[in-house]
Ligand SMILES: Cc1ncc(COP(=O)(O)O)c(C=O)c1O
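Given as structure tokens, the chain that follows is alone and in the form predicted alone.
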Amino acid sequence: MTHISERDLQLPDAVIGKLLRIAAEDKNIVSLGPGEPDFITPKPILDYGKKIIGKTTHYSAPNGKVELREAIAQKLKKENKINADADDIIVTTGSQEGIFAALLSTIDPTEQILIQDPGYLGYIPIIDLVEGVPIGVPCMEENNFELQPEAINAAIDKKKTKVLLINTPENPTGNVLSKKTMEAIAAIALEHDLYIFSDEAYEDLVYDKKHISFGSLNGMQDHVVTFHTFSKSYAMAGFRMGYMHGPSEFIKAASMPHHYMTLSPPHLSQWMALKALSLPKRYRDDMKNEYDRRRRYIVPRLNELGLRTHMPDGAFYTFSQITDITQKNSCDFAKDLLNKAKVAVVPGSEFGKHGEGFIRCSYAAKLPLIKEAMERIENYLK
């Protein structure tokens, strides 16, 4: 007899996995679903990996190679304005593993974590796995999906809320928090003695604004744990490389679950990440500029089709309202697009209660494919 835990059985059955599986199997489908770059990892990184692969067949130090952590500390100081020390950094197997380890170190059963709604669909399952309680904070279209301090205050339980988990730039809406809003949120965290977990996966994909790290704000050094990844900035999703930085005592605690989950981060990937940090910024800028070109095409086009869409300030997603053109819910609309128009998008309901009535399109796809998808959606709507 096979026994499956209740914990596993209660995890949400994400629609996005089924849609993307179908899209991968049917070559006639144009997919605007994936949340990863369509670019290949920059050639200097790949060449370096080929050169050193024979030297990377053993475990590294559990928290990551000291050379890489020192380089990350310099990067955090220079680019994120975070006064970082190498000993306060853990190299992780992607930023998702880092967030999981941080939650294991912070949350006891029934304690609460505030998340954006709509927000990244990977947060709720890992909160469930640590037996925490995810509390969605509404991020409404009329505010361009920006997290509102008063909504955070309304959601806080003084006894049970321990963490604000914030993603900026945000998946799925593309919102980038303003400095004024961040400072108001930081004040709330200080008032209630909360951690801010700052997921900055899309830090290098900000277009008309400037990315600001929560960890750079005055007085926040003991309250912010920052998560970064090489997946988006360097198109290294397959190499599973991320890192986290936070207060010394917190990092010491998080090192324990991190070690028991992974033993150590991938050795080859660490050397390739070190190489990535040495590259000129133009490698990141070239990718960002191409995403920007696609962004400036897809947003007006979606609006032409009646899919009301705000111009995203960051990441590589559009979040379009569908209620003006259909009575279908977002899941049925996405399924219809897949079956009849052969276009894969992600229903907004995947991202929380307040994502219903929207669809997410990724412009991490080449421009001709995006244009083809828009033509197909237009024909479907007609």
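The structure presented is a predicted model; accordingly, all values stated were derived computationally and were not measured. Throughout, we count residues from 1 along the sequence that is shown.
The same protein also exists as the form predicted in complex with this ligand; that form is not shown, yet it is the one meant from here on.
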- Output flag, T173, D313 and F358 jointly within 4.5 Å of this ligand in the predicted bound form, heavy atom basis: no
- Item | Selected contact from Q96, S264, S178, T106, since only one has a non-hydrogen atom within 4.5 angstroms of this ligand in the predicted bound form | Q96
- Answer key, this ligand contact in the predicted bound form at 4.5 Å (heavy atoms) among T309, N167, T226, S269: the residue is N167
- Determine which one of 139-147, 232-240, 284-292, 248-256 lies within 4.5 Å of this ligand in the predicted bound form, judging by heavy atom distances; exactly one does. 232-240
- Item | Touches this ligand in the predicted bound form: A201 (any heavy atom, 4.5 Å) | yes
- Message: I'd like to know whether G35 contacts this ligand in the predicted bound form, with contact meaning heavy atoms within 4.5 angstroms.
- Response: yes
- Message: I'd like to know if Y120 sits close to this ligand in the predicted bound form, meaning any non-hydrogen atom pair within 4.5 angstroms.
- Response: yes
